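Presented as structure tokens, the chain that follows is alone, the form predicted alone.
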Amino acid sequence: MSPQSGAARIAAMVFGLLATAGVLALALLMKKPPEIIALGPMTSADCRQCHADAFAEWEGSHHAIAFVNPEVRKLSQDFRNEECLACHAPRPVLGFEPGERVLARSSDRKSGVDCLACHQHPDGEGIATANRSPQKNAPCKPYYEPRLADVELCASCHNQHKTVEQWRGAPAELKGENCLACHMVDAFREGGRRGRHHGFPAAHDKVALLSAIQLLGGVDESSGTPWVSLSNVGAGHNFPTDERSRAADIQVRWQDEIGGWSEWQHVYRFRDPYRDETDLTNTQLPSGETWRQDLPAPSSGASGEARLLYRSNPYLPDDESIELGRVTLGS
């Protein structure tokens, strides 16, 4: 066989392979994609099928127990204070104007602030996502909704106690772009996909609380006076914020000559009181600010300690509160 005929045969084989590949590619393009049946009326439990990680994070959050939390039930008088219902079992927030107060839903309240509360289209036509390129043929019919990254979405519930207003007035280096940087940190899903953590760490998370404040104390070198201070170094809003039931207390105790300790004594409380507590004033610590107070020691040169206790309920006893820091006062 001549070199020319061999080259011709190879060229013919290559042409045949390319033609076959082209036919296959055309067939794939013309093949009807599998039919996706859109979901009908949904509950948050439906989200678990495709978003197991995010659903598990939400299940461990205080959003998930917003309606059934025993502490909430007690403070709301078992929701006889109906004003609390709107934010503890809300209708889909996207059905309201940005920042507008939501209304309570009448069914499935036990799910609290569930997936649909933040993500459901106001007409039930699809699920909102912050993903700019959602998988549009998914059963829940996702669509891009920029409001999901806007503070006004959170404001519908979380500005009832002026938290978003506090954020607007916070120093730029602490407030960040929106609420998500602190309360929906990055989470990496299967395959390395980047998302947002749906655990919403905040006032019930000790790590989040510790990132917000700095407790210091000591003895003034010139006067010998013990002192204690608290700085809001990490929160883009007041400390503590949101619910008026939250409180943070500075306490101090002193050691005698033989090493015995006194009982803890109250020094100061950081809290926004309820409207009917007319004898109290708002003592929250604004973002970026420092509170400091000199302490009267029982005797010159006395050694002491100061601590910060955080209470999710202002009437919680000390042993049920969270200690966020302790400093030594004197040698």
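All residue numbers refer to positions in the sequence shown, first residue = 1. Heads up, when I say rigid core I mean the largest set of C-alphas that superpose within 1.5 Å between the two forms. The model shown is predicted, which means the values in this text are computed figures rather than measured ones.
Unshown form predicted in complex with ligand HEC; subsequent notes refer to it.
Though the partner is left out of this view, Ser300 does not reach within 4.5 Å of ligand HEC in the predicted bound form, counting heavy atoms only. Using a 4.5 angstroms limit between non-hydrogen atoms, His62 touches ligand HEC in the predicted bound form. At the 4.5 Å threshold, heavy atoms of Arg196 reach ligand HEC in the predicted bound form.
Looking at His121, you'd find every heavy atom of it more than 4.5 angstroms from ligand HEC in the predicted bound form. When contacts are defined as a non-hydrogen atom within 4.5 Å, all of Leu75, Glu177 and His183 contact ligand HEC in the predicted bound form.
Of the candidate stretches 54 to 62, 259 to 267, 273 to 281, 291 to 299, only 54 to 62 has residues whose heavy atoms lie within 4.5 Å of ligand HEC in the predicted bound form. Contacts between 239 to 256 and ligand HEC, taken as any heavy atom within 4.5 Å in the predicted bound form, involve Phe239, Pro240, Thr241, Asp242, Glu243, Arg246.
In the core-superposed comparison between this form and the one not shown, the C-alpha atom of Pro139 has shifted by at least 2 angstroms. Superposition on the rigid core between this form and the one not shown places the CA atom of Ala155 less than 2 Å from its counterpart. Once the rigid core is overlaid between this form and the one not shown, Ser76 counts among the residues whose Cα shifts by 2 Å or more. Distance between the C-alpha atoms of Tyr310 and Asn81: longer in the predicted bound form than here (change of 3 Å or more).
The pair Glu173 and Ala149 is tighter in the predicted bound form: their Cα-Cα distance falls by no less than 3 Å compared with this form.
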